[in-house]
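In the block that follows, a single chain appears as structure tokens, in the form predicted alone.
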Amino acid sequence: MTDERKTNSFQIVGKNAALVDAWKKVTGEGLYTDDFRIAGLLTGKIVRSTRAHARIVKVDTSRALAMEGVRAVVTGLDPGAGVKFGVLPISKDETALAVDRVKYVGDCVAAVAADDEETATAAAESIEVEYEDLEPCLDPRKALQPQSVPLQTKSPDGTNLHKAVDQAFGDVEAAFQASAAVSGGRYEFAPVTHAFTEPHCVIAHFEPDGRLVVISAQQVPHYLHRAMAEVMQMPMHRIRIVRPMVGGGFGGKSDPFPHEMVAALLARRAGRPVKINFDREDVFLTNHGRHPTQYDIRIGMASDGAITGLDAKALIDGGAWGSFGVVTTYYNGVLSQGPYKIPNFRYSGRRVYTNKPPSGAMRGHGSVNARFAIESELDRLCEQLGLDPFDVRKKNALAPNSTTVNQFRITSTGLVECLDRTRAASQWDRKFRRMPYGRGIGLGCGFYISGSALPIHFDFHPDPKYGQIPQSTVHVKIDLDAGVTVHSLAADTGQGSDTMLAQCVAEPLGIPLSRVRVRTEDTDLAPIDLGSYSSRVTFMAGNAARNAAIAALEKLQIAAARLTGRPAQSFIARDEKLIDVTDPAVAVSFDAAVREAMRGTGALQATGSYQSPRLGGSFKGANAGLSPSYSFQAFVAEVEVDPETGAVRVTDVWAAHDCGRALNPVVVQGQIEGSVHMGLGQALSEDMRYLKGQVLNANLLDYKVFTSVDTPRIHSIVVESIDPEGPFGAKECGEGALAPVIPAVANAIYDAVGVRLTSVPMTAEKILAGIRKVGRGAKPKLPAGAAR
């Protein structure tokens, strides 16, 4: 069969298509977790710690239990409440409820279930908790020192160290000594939250036969399934996970969470279904947002602009739990290299526990913070050596079919095209270092994984000695109605993955999207998929869906052959027909082929799967950051800075993103725009502020996300490098486009007023202080080789 990835003769792929769930969303017919109504449904409320670190002396639930309408109360002493779980098997340190200690303000201490919200709230407030205060650890630097009471038992030498990573490739010091210039500094990152629209919500109930059903706003139903089985001490086949529509996740719904376990514990105790629906403060206290980080960096450069070496050190504040922290610690290093050739690289990363709400995975996990530092320092080096930032990025761009110093395999890359197109579209050569004081333009680049090649559970490892269960599996069923049902556990969290799956099935079968139904919400109906994180769904589930469709097509080809007497391999699927390519006048309708294929077997069923190839080296940590493919980006931001107030207005962003083939261009553009919007929030305004471990701005009034009024003109530039292994040549477009935003804005601010900022958010106060320091009117100079 011809590899259609190399052609452009598509009917569905590459065309703009409305999301398959769009009508349900805009009409309000779509069901989110809070919309479910089950007979006898109780309201659950969680009692949260008011102390950053303390021993629990006593939990008095007597008043709550005596209240009319209260049906259940659970504490950390209940069976299962103290079972340790976590998203990473190597870092299980969470419990549904605190057992002997609370570890941050907001830690779950007890929970109630009552007939209505008013009663549940009153009952929760009536529970009295007696504490013995312990010294909290709130400074990540002090977390590296021995503690009077360490937060977790596995930390070494009595410290609060969670994970240490040290890697070195080549000779960094020798590279620096041979460099024409070396630049570096310390970059600091405030904690930020995902700010998804839909708060966390979960419903748990036991069916009459004792089977547990959990309905939850989740990005990774499979991980919740496994963790729930551990905590509830039930076999997985006695648990069903249902994921309704999800109102945004961005990584913030990819862990199994304590509140999900608490709902199940309450339901078991009450004998009735229980719903826990968070308010916004609960979301902030649950957190799992981007890690606050201190990042120290040095980069060397030769006189011709070639990067000679990179040295990076990260101190990462993980909060009270592990979450994805082991991955975070590696990613802050290994993902700092791309998208450039860096022959000498050294990284030291430390993630520590502190008495704060836990940090976890957030869009662009592990790459966003490092990108700000690296792209800023590259601009500094360009200025020192009189080089143009675009020319330097282009010179150092990773080449297709190359390998990085730490053995990342690079297949397709559109970085050079991204650079060329943003340079032209933004009129860089006319504007850079030439605009009036207060106006500036800046460049930032990035790259990101298209799914992690190493799954966190060894069942799915590509090495057969571990497991080799496929990382994505898709089932396709075609019945007498000739409609096509796609079954997958890849979670659509608003990014449009259900539509992508429909496209990847419809294209090989030659049918319109209207024939395809996608079912991705139920572990009873869908085969295992590792869910929506690390930008894995398009590449991995998309390949699985395409493979399932091809397997189904082969059965239809055989059916067409029986009906016509022509060879099965001569039939192609197009326009809802199977057409003989040797004689197009010979054709069988899709419906007729389905009925013929069903003879003697019933419904036509096919399975497709995807397993990442074995990649990488054998050194410690070699698997971190490995991906079957990588996306590439080059963004330019234009800003206006008021020198009187320091206020910044981003007027335009030119955003070129290499997504392989754009399966649905309008969705790719939407993902780029969403990434720009989110990146601008972290760049200029977002900051979770703490006082003695208490979040001070746990609401969307005081926590400043960007609004539509703040959003600049976004010029999305879709670059198609056509990946050799992606489905129809596609790769990720959901996360990589976030990383270049912050450095593009920072470099533009420097171009505008000569202020080089090294911490985010880049507030007006910081900029104004910088203007006072460097002097008003301090405009950077043109590179020496630039045309005058």
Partner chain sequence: MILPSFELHRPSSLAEAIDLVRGFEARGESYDFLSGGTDLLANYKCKINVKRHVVSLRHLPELLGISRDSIGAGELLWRIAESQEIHESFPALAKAAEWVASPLIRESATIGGNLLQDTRCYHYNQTYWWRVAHESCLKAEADVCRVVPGEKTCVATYCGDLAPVLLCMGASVRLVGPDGSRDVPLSAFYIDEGIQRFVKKPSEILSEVRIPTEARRRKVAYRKLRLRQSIDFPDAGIAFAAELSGSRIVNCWIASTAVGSAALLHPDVAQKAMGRDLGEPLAGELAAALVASARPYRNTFFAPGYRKEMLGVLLRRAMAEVGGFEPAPSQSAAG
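Here the structure is a predicted model, which is why all the values come from computation and not from measurement. Positions refer to the first chain, counted from 1.
This next part talks about the form predicted in complex with its partner chain, which is not shown.
Though the partner is left out of this view, residue 444 does not reach within 4.5 Å of its partner chain in the predicted complex, counting heavy atoms only. Contact between residue 709 and its partner chain in the predicted complex is found at the 4.5 Å heavy atom cutoff. Although the partner is absent here, residue 542 sits far enough away that none of its heavy atoms falls within 4.5 Å of its partner chain in the predicted complex.
Of the heavy atoms in residue 764, some are within 4.5 Å of its partner chain in the predicted complex.
Contact annotation: its partner chain lies within 4.5 Å of heavy atoms from the stretch 273 to 281 in the predicted complex, the single such stretch among 173 to 181, 591 to 599, 229 to 237, 273 to 281. A heavy atom within 4.5 Å of its partner chain in the predicted complex is found for exactly one of 78, 115, 642, 576: 642. The contact residue chosen from 106, 325, 319, 496 relative to its partner chain in the predicted complex is 106, the criterion being a non-hydrogen atom within 4.5 angstroms. Of the residues in 698 to 723, those that come within 4.5 Å of its partner chain in the predicted complex through at least one heavy atom are, in sequence order, 700, 701, 702, 703, 704, 705, 706, 707, 709, 710.
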